[in-house]
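In structure tokens, one chain follows: the form predicted alone.
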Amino acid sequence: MRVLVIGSGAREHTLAWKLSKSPQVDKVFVAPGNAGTQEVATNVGIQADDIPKLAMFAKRYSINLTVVGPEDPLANGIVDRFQMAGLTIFGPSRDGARIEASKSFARMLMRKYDIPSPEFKIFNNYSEGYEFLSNHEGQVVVKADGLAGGKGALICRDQEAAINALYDCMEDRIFGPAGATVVVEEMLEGQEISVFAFTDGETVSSLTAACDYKRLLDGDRGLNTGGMGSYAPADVWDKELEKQVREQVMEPVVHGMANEGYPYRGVLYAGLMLTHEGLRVLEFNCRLGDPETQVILPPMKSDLAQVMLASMDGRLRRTRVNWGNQSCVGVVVASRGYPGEYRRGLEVNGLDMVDSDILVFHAGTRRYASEVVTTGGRVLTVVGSGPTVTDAYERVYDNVERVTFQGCHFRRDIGLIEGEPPPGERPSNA
């Protein structure tokens, strides 16, 4: 098989690395890729949003399977375009991708099929939203309806903040057209987990769960980011919770979408909050997460290419998905200034200094002659594994400081389970 992975982040590096290990796969291409994907695949100079060129490449080079990493191409109909051209591609159709691309669509679907969800209101104009919030004093989350690069959810601790957030979305359009419609949701408290499963539109595979860290600094302080690290499995994850999530969330949404006439095939990612009143769905995503992919795919025992093909061919019922039993902790190494302005073109050192059992997945990097230099805010994810999350924590933090570039920083509490002392005292780096 010849496989094309679309995207340029650490998620896509992880996908290319995992797919290259399949005995079914002879060649992996990544478009556009990064310095890390060059080590396991051939980079292709086509951007992830250039759907016509990607389809032409897949046709010309007889690609047997295309795997889409980011959400934007899925929301823009890349799966529909490839399938019309007779090409096999992993991921949901444009209609299926609405479960992430439109929060109002997802909330209405959840309401119709009794999937546990926070209370919410949908507003298509500012005046109606303003009237509601003027008479609502509780804490809320104001969400732009469309895709906003992971930045479209605004946590509002009081009424003034909520009204300001509504104005920013709908009047100032800080998220562009994504904020033309807004969803206002009740604030939830509890532990957040990310749950993943494969589905062929009917069958839902076994599930796995991870925890990610959005805030820039230790102790969940600082600005919100695309993710500063993650660990898997989630410390609260067990057979009972898996059964509950399957029966209350994953199967109902897959069956509901099929019933509505747009069967969902690919990876289904549910962001959940475990509250005192029970689990609630914060959001659905139509692809693998980043940085969660970096900790759930390394221990996976099943052949990823085989699972993806079975998901698209309706054969998942006969395909066992074994997520493995190792624990992983992934620490994102970021550029100084991220998630704001940051420098690019900084030389990355120490990649050859990490231990052989440590994985380093590239995100914002490129190769310049013999050097690897930075191109993004999130530059690398360093991943350690072990029998427990604490073991994986110790392994990754024994190595992460060996990879350096000017101004690099990372959190030092990724995978540090609340209530447990750290395996060793380490200096703050953020």
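Fair warning: this is a prediction, and the values are worked out from it, not measured in the lab. One rule holds for the numbers: they count along the sequence shown, beginning at 1.
Not pictured, yet referred to below: the form predicted together with a small molecule.
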Q: Although the small molecule is absent from this view, report whether P339 comes within 4.5 Å of it in the model of the complex, heavy atoms only.
A: no
Q.
Although the partner isn't part of this model, could you tell me whether M187 comes within 4.5 Å of the small molecule in the model of the complex, counting any heavy atom of the residue?
A. yes
Q.
At 4.5 Å between heavy atoms, is V354 in contact with the small molecule in the model of the complex?
A. no
Q. So in the model of the complex, does any heavy atom of V141 sit within 4.5 Å of the small molecule?
A. yes
Q) Which pick from L346, L87, L217, A153 sits with a heavy atom within 4.5 Å of the small molecule in the model of the complex? A) A153
Q.
Going by heavy atom distances of 4.5 angstroms or less, which of D72, E192, E131, E171 would be at the interface with the small molecule in the model of the complex?
A. E192
Q: Would you point out which of 346-354, 258-266, 320-328, 179-187 contains residues with a non-hydrogen atom within 4.5 Å of the small molecule in the model of the complex?
A: 179-187
